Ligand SMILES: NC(=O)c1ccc[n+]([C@@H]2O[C@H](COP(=O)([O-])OP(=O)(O)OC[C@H]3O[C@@H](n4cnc5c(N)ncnc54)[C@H](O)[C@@H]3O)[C@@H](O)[C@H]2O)c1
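Take a look at this single chain in structure tokens; it is the form predicted on its own.
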């Protein structure tokens, strides 16, 4: 692109926009936020005041926003149900799109988003910011791409909370979100694991899901919820076999009786060594001179991204558009994540494994 500054619009000015997207974009000098849209106008007005240019526009109808030909990029931060059709409309309006995770409520919708991105030639990416954390960058560039672990044949994708059920927005609404912790935080852990393994060919999935802890008086860190409004699972688990024989165990929960909660974590076991991201720390394990060794190498890594993950995510995305390169998260990769999540839900419902073609 010839432009050096991109005009960005944000559709959906709720929690994730305020906590990640808009603060991240604010750190990118090559981007300016010129439009904000929300069905609650006051939220869009607030976002304009905090993050927008003085002449930024406010909308309550995203279709009106998309008519503005000066807008180059759209960030979609709405509930999962609307990810697909807002993304498709934005791509067809000639906008590059970052859509918040998960890519879509259903795998079919995700596949259609990939198709339209290819048809329009516009760039599409998904908000899996954990790939941009320093320990993730190091693990990918300095460990996985250099074959340090050897063949990775077993992995864990972990997103387990003890008592942290989100009680705001539409997190508990199955119609709007498509599920609970699996599609909310399990999606991050699965994406990170597949990315590190560079393996996007699932063969079979067996899943289970549970709704066992629907007692709002349970010490939840975000307070009580209305049990009648809690329409999603509180835990879901998946056993994933890849076409090359590798196995991934996916564990996700908002509320589980467990001593050590862990989130956005991946465990990778290879033929030469192993690795784990735990509490934003990278730990390598291997044998040396017939002794078992653990190493935490990230502190010595000079090439890592120094920004917080939100700013790093926004920077690489804007750079990809300006330089016409691939963003960190490819839509085809995010689509496979959605396909596996959907297969876990289907298997949990039917009690049978789900096989991929």
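Residue numbers count along the first chain shown, from 1. Since the structure is predicted, the reported quantities are computational estimates derived from the model, not experimental observations.
The same protein also has a form predicted in complex with this ligand, omitted here; what follows describes it.
query: Here the chain is shown alone; which of 105, 96, 101, 133 has a heavy atom within 4.5 Å of this ligand in the predicted bound form?
result: Partner contact (heavy atom, 4.5 Å) among the options: 101.
- prompt: Here the chain is shown alone; which of 175, 210, 154, 168 has a heavy atom within 4.5 Å of this ligand in the predicted bound form?
  reply: Answer to the contact question: 168.
- prompt: For the chain shown here without its partner, which stretch in 136-144, 233-241, 184-192, 105-113 has non-hydrogen atoms within 4.5 angstroms of this ligand in the predicted bound form?
  reply: Correct option: 184-192.
task: Would you please decide whether residue 11 lies within 4.5 angstroms of this ligand in the predicted bound form, comparing each non-hydrogen atom pair?
output: Yes, residue 11 lies within 4.5 Å of this ligand in the predicted bound form.
- prompt: Taking heavy atoms only, is residue 179 within 4.5 angstroms of this ligand in the predicted bound form?
  reply: So residue 179 does not count as contacting this ligand.
task: Using the partner position in the predicted bound form, report whether residue 83 sits within 4.5 Å of this ligand, counting heavy atoms only.
output: Residue 83: yes, in contact with this ligand in the predicted bound form.
message: in the predicted bound form, is there a heavy atom of this ligand that lies within 4.5 Å of any heavy atom of residue 37, even though the partner is absent here?
response: Yes, contact at 4.5 Å.
Residues in 66-80 with any heavy atom within 4.5 Å of this ligand in the predicted bound form: Stretch hits, in order: 77, 78, 79, 80.
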